[in-house]
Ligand code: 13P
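In structure tokens, the next block holds one chain alone, the form predicted on its own.
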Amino acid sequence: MGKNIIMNKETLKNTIQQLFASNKGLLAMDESTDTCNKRFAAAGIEQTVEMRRRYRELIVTTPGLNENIGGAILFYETIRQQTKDGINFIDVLTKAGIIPGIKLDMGAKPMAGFQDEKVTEGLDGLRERISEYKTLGARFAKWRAVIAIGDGIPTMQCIEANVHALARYAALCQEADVVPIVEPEVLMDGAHNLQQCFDVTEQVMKILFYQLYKYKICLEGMILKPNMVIAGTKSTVQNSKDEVAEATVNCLLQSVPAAVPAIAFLSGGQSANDATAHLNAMNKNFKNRLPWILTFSFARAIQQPALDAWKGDDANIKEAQNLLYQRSKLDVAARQGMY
């Protein structure tokens, strides 16, 4: 076996401890320009760089956000932006005690030769990008892989291509003392039932962790960001909160090593209430069986109520910020099983 590259494991562990102290979770505000524009269009908001900047200023300047949010994942457009008073968003967050992170992948692209499957790109030049973002102040990062369930998919090739990229990304992050968030998202889109989601999620996790082991990833210095085990949006059977919680916990217990310190769920298109209720049920029903922290790394499930209230109008900022704060507070309660 080759020797491990010396990295500062303590630095990684300290960052993770800070991110999740006091039952906090993560706010994902790293939507790509396309995704952000889609959400703006749906809310009747103009799709411009300035409107995206104003919306993200509303988020980072929300009073009291640091009570509930330990880290914010930024997009490469956002990490260099400033408030209208000329203060870098990074500085606003850091001053509030919220650790800035950065989305590093370049998006999921159609996988050549594999219909309806995608592979995430962005490994080229990644070492240099990590170094640059670290200089700007980012202390953790994110890379998302998407796995769809459908007729004959996912294929083993799709899973392997995606987890290989996740492992190489994680290795480059840890080399730079940046905590990698490893996000293999089994998508909710589709007519699959709970059991199918369970089976695919378990398979993806097992192949992922074998790959992380091969690439010498320090498990204590990473965060896993998985989907919850949930029936597809087009499935005729939608399970209860407790059933989703039980399936998710059992799936993870069978496939995620105990050395991983924290699992921060994505909301994946669930409503704000559903995502929070599912997380709550996991912590309430299984707290004493869990080797890891179970927390949140929600985007839409924290932001949507605020976005709907803001509508692009500065007169609504206070109300929108209040909704954002309240939503994140409910997620902290869910982390304690007290929602």
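Just so you know, these numbers come straight off a predicted model, no measurement behind them. Residues carry their position along the shown sequence, with the first being 1.
Only in words, not in the display: the form predicted together with this ligand, which the text now covers.
- The contact with this ligand in the model of the complex, taken as any heavy atom within 4.5 Å, belongs to Gly268 out of Gly268, Pro184, Gly232, Pro261.
- The single contact residue among His192, Arg139, Lys118, Arg144, judged by any heavy atom lying within 4.5 Å of this ligand in the model of the complex, is Arg144.
- You can rule out all but one of 276-284, 61-69, 47-55, 296-304: in the model of the complex, only 296-304 has residues with a heavy atom within 4.5 Å of this ligand.
- If you take 218-245 and check each residue for a heavy atom within 4.5 Å of this ligand in the model of the complex, you get just Lys225.
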